[in-house]
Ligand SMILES: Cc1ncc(COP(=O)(O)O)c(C=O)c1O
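So this first bit is one chain, no partners, the form predicted alone, shown in structure tokens.
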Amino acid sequence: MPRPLIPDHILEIPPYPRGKPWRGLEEVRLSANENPLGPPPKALEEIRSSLAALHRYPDGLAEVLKEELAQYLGLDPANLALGNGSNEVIEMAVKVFLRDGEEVVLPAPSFAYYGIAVKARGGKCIEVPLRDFRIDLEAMARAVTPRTRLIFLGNPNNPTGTIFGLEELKAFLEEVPEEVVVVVDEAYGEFVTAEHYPSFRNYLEMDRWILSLRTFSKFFGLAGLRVGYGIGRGELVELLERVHQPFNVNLLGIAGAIGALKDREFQERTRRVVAEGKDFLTAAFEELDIPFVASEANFFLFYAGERKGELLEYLEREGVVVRDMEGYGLGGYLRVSVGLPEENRRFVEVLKAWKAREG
């Protein structure tokens, strides 16, 4: 490898903590926080009707999708920046606001791609540990320096599923200089039921630049199409759109996202299945006396301790795949996604069998 050609900050980027490869229908896959219902039927209809146009480039501005999404959210299309997954919107923000050597404050652990995007740009990550599995907003405000350009916040945070409330956020923003752009990742926002949860509507009312991130991968069941978006003030969105790739949302992604927005029945089924699944898994963890973190997302972080490796192997032998949190600095923890009722039952059956077997 011609190392002299490669900047040090590229060589220092850790690999993204990947999960197990998908083996197929025979496994219970509860490792990637996907929608267990599959893709929305109306999304499939829109995709099928678009297949004959695959030789054409998609609409570079994705105007129809923007209009549909704006109507769905009750916003102006000018408040929306579309991306190849919300990951690209993260990259867009980093490209616009960060110069070499400047700082980004982020919670630890949180979504690993924040740090990867920052380091790839030559920025410096200032990581602030969670407190009781929640983002420590007071400590994050104290970590801001004159070189800070961005702050990333997951709400709910991945991998813990915890949230902060609107009043907490307001107090945090009072301590953060207005020239620092705050990025709030709401990839799991559609699953939240807490009344004190803030969202993009609150941010747009504030007199500062806050970028909200959302995705079609989780709640809308389109993880394989890679469609995400950012919500912000018009002048912020205009800057982001200067740096995205041409045709960054593909033709089938546009079609599928439009169909998903129209499929209200699928959305209600998703809410119901996830809510019931969370209740079921909460009761199981309590019955088995397994420590876990109460979650507002569609997954749970739970503690397996020193025998985590044994439990992982046992689950996988039984065809159940969950996520190891070693790569997130949570050595004794695993993360399990809420699945279909039969998948949740299978996971709990295997967990009970392991507990009984291990005494």
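The numbering used is simple: start at 1 and walk along the sequence shown. Everything numeric in this text was worked out from a predicted model, so none of it was measured.
Beyond the structure shown, there is the form predicted in complex with the named molecule, which is absent from this document and is the topic of what follows.
- Put simply, of 111, 164, 266, 209 only one has a heavy atom within 4.5 Å of the named molecule in the predicted complex, and it is 111.
- This chain is displayed alone, yet in the predicted complex one of 248, 79, 215, 270 has a heavy atom within 4.5 Å of the named molecule; that residue is 215.
- Of the candidate stretches 100 to 108, 131 to 139, 218 to 226, 192 to 200, only 218 to 226 contains residues with a heavy atom within 4.5 Å of the named molecule in the predicted complex.
- Contact annotation: residue 86 falls within 4.5 Å of the named molecule in the predicted complex, judged by heavy atom distances.
- Taking non-hydrogen atoms only, residue 187 approaches the named molecule to within 4.5 angstroms in the predicted complex.
- Though the partner is left out of this view, residue 158 does reach within 4.5 Å of the named molecule in the predicted complex, counting heavy atoms only.
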